[in-house]
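In structure tokens, the next block holds one chain alone, the form predicted alone.
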């Protein structure tokens, strides 16, 4: 039996022996209503941080609770491996999305429920599930070896789901404590349940609100219809002009800093896509985006512009014949490397305002924050280590993927710590994060635990 197999069996046995205790910790973590974007839950967010920091201290970490302009950030470290060993900075977040619409949940969102091997709850996967298997892996290593094979730093923020503004505001003053050789973002997924993969990059993001103003009050559509320009009609016209029939974004200069993927880069990544599985899972055909690219390319390594919400007028029960005074839209852009969020956002905003039909006023509120895209090399030591860890746990070669979503703080955190970056996780597209009935497979929780213990052992051996 080689050393890797021996390590794997040790931690498989640990998980089996402590499974109830592990699940109870996970369940308690999920019961905190740590919804960061809603001030009504501020006390719950802080209580969640307090609970987490106590448990982290109990497994041998020195901890600090960093105040920010918003919710606090947890910082923990154990540097007992010494200066001859590398330092790994781990990133997670303990905040979650709102649960609306509540009526679509099959089980209460803050009462974790196991159904057919999946744990249902808000945050079950994003990111409390992934944060918890990291915690349990670290706890298990301390239990089995009374030490860590490398130096560990851990940052767990409370505002990822609302833009990370608080953490971003303190990074400049935290360069020394955050310095590390490697940074792992434990907040992404794998290609499929039986296809281990390490994520090489994420997209950046910028968001904005669009407001179309027609009159100073809602108008009777019988009296004013045909005379007043309907802001909803105007908004629909504006939005329809943002992409052409082939899915290309029409904003002038939108693609100026976008580099095409080379054949070599494309050959390193698994872009395999099963349209039948996609249809079965989401009742949807993959017909969106830039149609000249393959589905997974356009949803992971190409920039996008999406309309995330439209509102205006009456949408309640029955009917109300009005021409609304105002119509609104929410728009986001996912970005790729070299696209600056602020620059792209300003181009989109100017173009939208230039499309304003006569008779209405179009205003764009470009949101602060956002974040740039990140791509890592598959040849870096930290990515090789995690790829090996996945291969050992899954018993098959590990591939590489890209993540279409965004983690706004990652590029700034990577710049602050100065280390090479890897993105890892056990998520699947079907986990319904940010939606009703979010869930996480208990088998994938266990695999995440094992990948983390295995990879730490690999890093400790150099």
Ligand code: BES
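Not measured: the values here are computed from a predicted model. Positions refer to the first chain, counted from 1.
In what follows, reference is made to the form predicted together with the ligand, a form of this protein that is not presented.
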| the ligand isn't shown here, but in the predicted complex which of 119, 205, 184, 374 has a heavy atom within 4.5 Å of it? | 205
| task | Work out which of 436, 405, 60, 399 lies within 4.5 Å of the ligand in the predicted complex, going by heavy atoms. | result | 405
| message | On the criterion of a non-hydrogen atom at 4.5 angstroms or closer, are 231, 241 and 364 all touching the ligand in the predicted complex? | response | no
| message | Quick check for you: of 263-271, 287-295, 92-100, 208-216, which stretch puts a non-hydrogen atom within 4.5 Å of the ligand in the predicted complex? | response | 92-100
| field | in the predicted complex, residue 388 touching the ligand (heavy atom, 4.5 Å) | value | no
| query | Might residue 323 be said to contact the ligand in the predicted complex, defining contact as any heavy atom within 4.5 Å? | reply | no
| request: Examine residue 149 and determine whether its closest non-hydrogen atom to the ligand in the predicted complex is within 4.5 angstroms. | output: no
| message | Can you tell me if residue 334 lies within 4.5 angstroms of the ligand in the predicted complex, counting non-hydrogen atoms only? | response | yes
| query | Looking at the ligand in the predicted complex, which residues in 159-176 have at least one heavy atom within 4.5 Å of it? | reply | 160, 161, 163
